[in-house]
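Just the one chain here, the form predicted on its own, laid out as structure tokens.
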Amino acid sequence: MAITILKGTVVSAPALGRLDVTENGYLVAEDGVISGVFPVLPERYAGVPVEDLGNALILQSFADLHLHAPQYPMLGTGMDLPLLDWLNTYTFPTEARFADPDYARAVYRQLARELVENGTTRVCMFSSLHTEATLILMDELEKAGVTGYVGKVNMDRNGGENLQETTEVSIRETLRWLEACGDFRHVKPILTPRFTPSCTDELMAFLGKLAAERDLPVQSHLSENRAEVDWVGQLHPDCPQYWETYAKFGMWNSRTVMAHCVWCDERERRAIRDAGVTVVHCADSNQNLCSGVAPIRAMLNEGIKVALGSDIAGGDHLSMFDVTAASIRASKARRVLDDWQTDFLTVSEGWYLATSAGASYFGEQPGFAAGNPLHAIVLDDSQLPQPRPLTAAERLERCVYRRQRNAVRTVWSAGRKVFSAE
């Protein structure tokens, strides 16, 4: 049996708004699975080598539940346009380039490496509509040590030049892609209708049937932008609300991930909660594209499952430290918009959403719970001057708000050491 013992300041988020801190503690994993966090090393581990990390922070690694891999090359561009114009002007032409497998390989190798270096080890990720490029993305993530789900995008309408399939091709290529996914151990397929305007009823019906037959999860977008919501209403006049365009095709359940949900009213939020759908809050993207400020506090109060996503390249930061800070800032803006009637997210709450909340989608318990696979970051924040000795919670807060060069020293993913700065 392989035993990993990390010694340092162990910090985890076992519940929304709560941090567990063990100073000079021991995080122990056996065969890649956490057996516990201990203030004193149990006698049964006597003689097992300990990786003593001094005063470094040992944190949960991140789960990024919404990002677009083929948009990685266009990070930071097109930020002056609203969503639908941004898609047509920048996004679709960029994604069309991934018809070239060599280009896809070069881009996705760099993306996978940067994810791991920033401590992101679990993802729900969109590829493009290209089968070969999607398999390349899954391969590069697998090699880098990232776990989670990747989806070949389906879109048989409103894709523009060079980025649209026929319905028949979309169905055939989806099946071909799924047959090839069995080669991957840690990266699994997720069905991905881009969003309702991109898919005909025939294609949506196929995807819903396929999800049921093969027990596959689904990811897409919901109520991101007012113009988008209006467009969906025109395309589906039989559906009073956006969410019903997924539900009527069987893609609305506890394995469904919906990004944004900025304009979800109480009825739509109730439908999300009742079905157990996971909302992915993408604060950076929502602000960059002027989509709005999602009512995250209301969702949490109502019992909705919420996680965080970088949503590159609508979001302009891949680091989930930055995404966490952006989510906290957005909640403060929402508090002002709500006439100070709602509470903003605290740092510990934002940290929970960036780690434990996303990890729960993959079947994990919150925090460094025994039985979870080991997903962890070793963070050395000693390079910054201290005004006084800081508590572990204050150190975490500063790490969220102030990115520190080379602070991430080691990353563990599913029990494997996948990055070391040494």
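Every value quoted in this text rests on a predicted model; they were computed, and no experiment measured them. Numbering starts at 1 and runs along the sequence shown.
Note that the form predicted together with a further copy of the same chain isn't included here; everything after this is about it.
Residue contact with a further copy of the same chain in the predicted complex: Ser254 places no heavy atom within 4.5 Å of it.
Contact check for Phe184: no non-hydrogen atom falls within 4.5 Å of a further copy of the same chain in the predicted complex. Residue contact check for Gly208: none of its heavy atoms lie within 4.5 Å of a further copy of the same chain in the predicted complex.
a further copy of the same chain is not shown here, but in the predicted complex it comes within 4.5 Å of a heavy atom of Asp316.
The stretch that touches a further copy of the same chain in the predicted complex, counting heavy atoms within 4.5 Å, is 100 to 108, out of 211 to 219, 100 to 108, 161 to 169, 348 to 356. Screening Gly250, Gly292, Gly145, Pro197 for any heavy atom within 4.5 Å of a further copy of the same chain in the predicted complex leaves a single hit, Gly292. Residue Asp284 is the only member of 266 to 285 with a non-hydrogen atom no more than 4.5 angstroms from a further copy of the same chain in the predicted complex.
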